[in-house]
Every structure is written in C-alpha cells, then in structure tokens.
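What follows is a single chain, given as structure tokens, in the form predicted alone.
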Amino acid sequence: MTSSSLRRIVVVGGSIAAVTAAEALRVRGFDGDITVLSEETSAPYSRVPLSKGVLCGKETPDSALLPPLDGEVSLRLGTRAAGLRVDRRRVVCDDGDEVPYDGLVIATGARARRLARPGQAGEHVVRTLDDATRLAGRIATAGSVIVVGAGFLGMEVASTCTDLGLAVTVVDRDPPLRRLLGGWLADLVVGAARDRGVRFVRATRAVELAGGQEVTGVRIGDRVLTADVVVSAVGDVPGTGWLADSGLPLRGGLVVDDRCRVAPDIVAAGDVTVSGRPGGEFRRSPHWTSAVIQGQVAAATLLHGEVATLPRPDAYYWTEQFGLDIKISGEIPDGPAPTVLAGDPRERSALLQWRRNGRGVAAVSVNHRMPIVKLKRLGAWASAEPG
C-alpha cells in the first residue's frame, strides 16, 4: 500500500509517542482519518511530573495534560486493544469492536511491574496519572516510606518523599543508579540523598512484600522492614500482551528497525518497542526524548517509507532529585571519572564529559545552566560525528 492510498490510520496508545505520531502525520500532510485508541480514561498527559510535582502536590493533575490533539483526530478514551488481525487489518477492542486501518501505529507503552501477591493490597506504583494521584494522597498522611528500586523513578519518588518530611528507605539488590549513571556520577547522587537522610538497604536476597492482605513492608530473607507506605519502582513491562497472537516480532518488546518499522504498513514507537544491537541483544530506550523522536520517525516511515527524512538520533534525558538537576547526553561509561569542564563537583554544580579514544561519548550538566544543544555537542552528537 502506498502513502497516497492510506486513508485510515489507527494509533493504539495514549502515550507521548502516540500523540507525537498523530501530530506528525498531520504535519507531514496526511489528510485522511486518524483514530487514537487509548485505554486510559484521562486525556493524554506527560509522565514527567508524576514522580515530582504531581506527587508532592505542587502541580495539579490537570497541569500534566498535554495540549489537546487537533480537532481532526478522533480520540477514543477508555478503549483497550485486545487483539490484532494483521491479515484483515483490524484492531480488536476489548468490547468486541473491530477498528479497521490502512496504516497502524503501535504505541501502547508499558505497565508497571508489581511485587504484590494476587489479592494483596497496598502496593503503590507510579506509572499513570491515577497512580501518582493515589500515592500523593497516601503519603500526605504518612510518616515513613519504603521505595523498592533505585533507578531514576525510585530515586525521584524517594527525593519527593524526603522533601515532604517522610523517613525514606530505598531497597535494591544493585548499587543505586549505577547501571544508568555509571559509578562516579551515581556516587555523587547517592551522597546527596544520604545528606537528606535517605537510608539505603542492599538486598542480597529476593525482595518480597511483607504483610497479609495489606502490605506492611518488605521482606529480604529473614529480615523485615516496615513502613507506612511501600512503593515499588522495579521496572515496567512493555504493553505487548494484546499482540501475542498477531505474528508480529516480540523479543521482550515489539521489535522495530531504525525506521520504527514492524511489518508492512505497521510501525511502532515508545516504551513498547525494542531494537536490535550488535551481538543479537534487543534493548529498550524508555526515555521521553526517545519516545518523541520515535513518534516522529514512525509517522514519517508510515507515509514515506525509505525516502522519509528522519530526525537525528538523540540520546538525551534528565532527572531531578535531591536538589540536583541532572541533564545527560550520551551513554555514560561505568568506571572512569569524567573530565570537569566547568564548576566543581564538590559543590554539586559542574559540567562533565566522558571521553573514549579522544572523543566525547557522554556529557552531563549538574546544576549547571547551559543550552541543551551545547550539551549534546559534547555528548551523544560528538560520538556520532565522523572521525
């Protein structure tokens, strides 16, 4: 099917990747029907403030909503995709309705991974706007919290809870943030967290939620930690369950190529996707910037195929926690200390660069104001330039 014969495009999902793809289709001149199917009952929103401003109450849930989609886009909220008939070009909804398409964008994101036993209540996660609102109400009257998981999300939740005056314990089997930031920068952040009173517990055995029908803490082997609130931030699961019988390639996520293609007239974007790396590994890139770029690429590929002009790859992401505003470009290697280009890490304000073979591979600003484009030139873009 050619782009000129595409008259009905269906976007499955209500994420930033889905919204970006729908908007990019219009920007690139598509004037046919666009239908967005979202299982959430809220209009599309940004997940960025959920663990920060919304959780601490400084921002209202409505402030997280994204600008409304163009009036020519049909948004169907509360509509969950339950299956896909590739042979008949139809999305099957959980109410039995079938939505036909000529072109399909899959952007069903991911759901939070949970630790609770079936029927066990009281475990909190922060994946959706409802999750954040529910947790905000709970911690408003609590005195202590255990956060299981010391990745970006878990540490941001811990930071917000310390700001609210809660006693915070973070539990993880791995050193906090090391996989994401490398040892040097992770130690800087953990030092800031400890200065604010966060207690870290290394789990040498499997972590289980303690309590009966209601979660009361966590169990690590014979050791039990208790708190008023328990938050699980232990990763997420790509939203591919509805694709199990579709015949589309699944490898811990929906496999896409560098143009976000999945199959003829089917593209995908955002947290639901994985892409191949050297050595046969498939990896996700669950960051805001990646989701936005993938949404743009998916739309371009669906309309124009190989001739589409694609945005520049952009490994850029950020986090805010424990008084540190950290912006990152590139993949930080674990081990070597960075070159300090400006500021002083002891003052927790610096511009840092990691180099390999004389070339920048990652750059980070910590409480250091500078144009983002300059940071990218020192980081991910530097590593991509011809040698």
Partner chain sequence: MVRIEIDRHRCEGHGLCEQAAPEIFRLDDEGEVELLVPEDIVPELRVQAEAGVRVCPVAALRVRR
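Positions refer to the first chain, counted from 1. Bear in mind that the values here come from a model prediction, so they are computed numbers and not experimental data.
From this point on, the text means the form predicted together with the partner chain, which you will not see here.
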Review point. Any chance T289 has a heavy atom within 4.5 Å of the partner chain in the predicted complex?
Key: yes
Check your understanding: Going by a heavy atom distance of 4.5 Å, is S46 a contact of the partner chain in the predicted complex?
Key -> yes
Review point. Hey, in the predicted complex, is F30 touching the partner chain, heavy atoms inside 4.5 Å?
Key: no
Exercise for review: Check whether V10 has any heavy atom within 4.5 Å of a heavy atom of the partner chain in the predicted complex, and answer yes or no.
Suggested key: no
Practice item. Look at the candidate spot formed by R138, A210 and D236 and say whether the partner chain comes within 4.5 Å of a heavy atom in all three of them in the predicted complex. Key: no
Exercise for review: Could you tell me which one of L341, L66, C56, V361 places a heavy atom within 4.5 Å of the partner chain in the predicted complex?
Suggested key: L66
Review point. Among 329 to 337, 353 to 361, 33 to 41, 57 to 65, which stretch sits within 4.5 Å of the partner chain in the predicted complex, heavy atoms only?
Key: 57 to 65
**Study point:** Residues within 4.5 Å of the partner chain in the predicted complex, restricted to 316 to 334 and counted by heavy atom
**Key:** Y316, W318, E320, K327
